[in-house]
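A single chain comes next, written as structure tokens; it is the form predicted alone.
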């Protein structure tokens, strides 16, 4: 699994993706890690199928006992079905996840791990130098859903918002926004059910200072492409299966 450092100052952000050993038919996913002197958090650490390659990649940068926190934006299997395996490796870690999905996520395994349910309005957590905000993203696409904003690194982990399903070997960052937009269109129209929820999220995110928007699938957005995405998403009609 390819590891790319996307922020490096007093602490680091990494994205793990583009796994060449991924089985055919498994959706490619981006897993993220925030490593500080005080602890390490894995964001949407992935499904059962990528656990082995993800753990191997992570251990190049941290020891197991340095991983203190997990974050699951919502309940989908590609995000957190590896929980039962992670908790065998990390018996003292804490899982931050929407309160709505706790009872469902426990089906993936929860003998020892401590749950830290996130209230609908969001919340904050300090991970050493990293001051993280849980940004409500309800109905985009899950009814209980959060993104993570790091105000110091100016990174927004945006879950399925900004996602694109691309062939193996795609670049890590968007290079031509207009070309990339067509790869995102159907995904967002079908998986995002509510224009009202979409606009609520856009209003929240426009108030943040963002250098990198990092989705759970596809390429990352840097600089002006973050604003280009918000403008594009705002105009896009979603929930098209109803029509």
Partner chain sequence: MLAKTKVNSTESILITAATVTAELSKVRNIAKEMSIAVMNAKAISHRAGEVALGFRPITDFIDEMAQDVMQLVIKISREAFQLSQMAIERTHLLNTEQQYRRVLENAQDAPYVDSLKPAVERIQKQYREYQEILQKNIVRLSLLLDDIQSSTKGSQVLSTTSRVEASQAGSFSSSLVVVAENLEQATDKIRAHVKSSQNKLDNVLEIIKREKL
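Residue numbers count along the first chain shown, from 1. Nothing here was measured: the structure is a model prediction, and the numbers come from that model.
Beyond what is shown, the protein has a form predicted in complex with its partner chain; the following relates to that form.
Novice: Should residue 116 be counted as a contact of its partner chain in the predicted bound form, where contact means heavy atoms within 4.5 Å?
Specialist: Looking in the predicted bound form, residue contacts with its partner chain do not include residue 116, since no heavy atom lies within 4.5 Å.
Novice: Even though the partner isn't displayed, in the predicted bound form is residue 60 close enough to its partner chain, meaning a heavy atom within 4.5 Å?
Specialist: Contact with its partner chain, yes.
Novice: Can you tell me if residue 177 lies within 4.5 angstroms of its partner chain in the predicted bound form, counting non-hydrogen atoms only?
Specialist: Residue 177: no, not in contact with its partner chain in the predicted bound form.
Novice: Residue-level contact is defined here as any heavy atom of the residue lying within 4.5 Å of its partner chain in the predicted bound form; does residue 64 satisfy this criterion?
Specialist: Within the cut-off, so yes.
Novice: Going by heavy atoms within 4.5 Å, which of 169 to 177, 71 to 79, 87 to 95, 156 to 164 lines up against its partner chain in the predicted bound form?
Specialist: Careful reading of the contacts points to 87 to 95.
Novice: Using heavy atoms only and a 4.5 Å cut-off, decide whether all three of 200, 233 and 236 touch its partner chain in the predicted bound form.
Specialist: None of them does, since no heavy atom lies within 4.5 Å of the partner.
Novice: Have a look at 55, 41, 213, 205 for me and say which one sits with a heavy atom within 4.5 Å of its partner chain in the predicted bound form.
Specialist: Checked against the cut-off, the match is 55.
Novice: Sequence order please: the residues of 192 to 224 with a heavy atom within 4.5 Å of its partner chain in the predicted bound form.
Specialist: None of them.
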